[in-house]
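As structure tokens, one chain now follows by itself in the form predicted on its own.
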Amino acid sequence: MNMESLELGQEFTVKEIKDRENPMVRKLYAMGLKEGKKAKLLLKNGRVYLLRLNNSRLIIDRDLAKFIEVS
């Protein structure tokens, strides 16, 4: 399942992050978004996703979200 199919407030687990050689994807890893991590979708507004990851909030755009497979 991809992030576009998530509902607001839904908790999810990162199943896979594709294209690890992409510099933007490596930035996700640096921010703590890795396989097996649990997060929650707080806001989906146009091209922007706001996630709660641990005690932090993370904003990603739709292009970057396409690399993330969730369950």
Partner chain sequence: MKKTIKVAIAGNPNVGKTTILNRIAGTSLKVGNWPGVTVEKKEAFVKFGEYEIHFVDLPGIYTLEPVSEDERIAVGFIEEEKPDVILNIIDTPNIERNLLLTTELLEFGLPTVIVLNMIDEANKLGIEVDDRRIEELLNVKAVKTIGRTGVGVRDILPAVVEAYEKNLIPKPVIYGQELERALDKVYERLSAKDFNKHQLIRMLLEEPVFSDIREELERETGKKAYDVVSDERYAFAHGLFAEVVKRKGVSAKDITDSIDRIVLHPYLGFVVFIGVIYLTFKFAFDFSSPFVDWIDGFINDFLAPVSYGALKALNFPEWFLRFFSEAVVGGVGFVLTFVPLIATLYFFITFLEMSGYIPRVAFLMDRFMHRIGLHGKSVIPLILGFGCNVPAIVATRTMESTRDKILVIMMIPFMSCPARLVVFAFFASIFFKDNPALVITFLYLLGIAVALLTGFLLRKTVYKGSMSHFVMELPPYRMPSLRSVITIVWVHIKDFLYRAGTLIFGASIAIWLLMNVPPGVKNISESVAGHVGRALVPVFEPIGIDNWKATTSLIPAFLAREIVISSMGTIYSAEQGSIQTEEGEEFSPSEALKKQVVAFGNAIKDAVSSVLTLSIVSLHVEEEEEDNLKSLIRKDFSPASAMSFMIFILIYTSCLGTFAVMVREIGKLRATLFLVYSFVSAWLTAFVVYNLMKLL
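Predicted model only: the values in this text are computed from it and were never measured. Positions refer to the first chain, counted from 1.
This protein has a second form, the form predicted in complex with its partner chain, left out of what is shown; the following refers to that one.
*Asks:* Since only the chain is shown here, I'm wondering whether L28 would be in contact with its partner chain in the model of the complex (any heavy atom pair within 4.5 Å).
*Replies:* L28: contacts its partner chain in the model of the complex.
*Asks:* Does the 4.5 Å heavy atom contact test between T13 and its partner chain in the model of the complex come out positive?
*Replies:* Result no; T13 lies far from its partner chain in the model of the complex.
*Asks:* Would you please decide whether K37 lies within 4.5 angstroms of its partner chain in the model of the complex, comparing each non-hydrogen atom pair?
*Replies:* Result yes; K37 sits at the interface with its partner chain in the model of the complex.
*Asks:* Please determine whether L6 contacts its partner chain in the model of the complex, using a 4.5 Å cut-off between heavy atoms.
*Replies:* Result no; L6 lies far from its partner chain in the model of the complex.
*Asks:* Scan 1-26 and note down the residues that get a heavy atom within 4.5 Å of its partner chain in the model of the complex; none is a fine answer too.
*Replies:* Residues within 4.5 Å: R20, E21, N22, P23, M24, R26.
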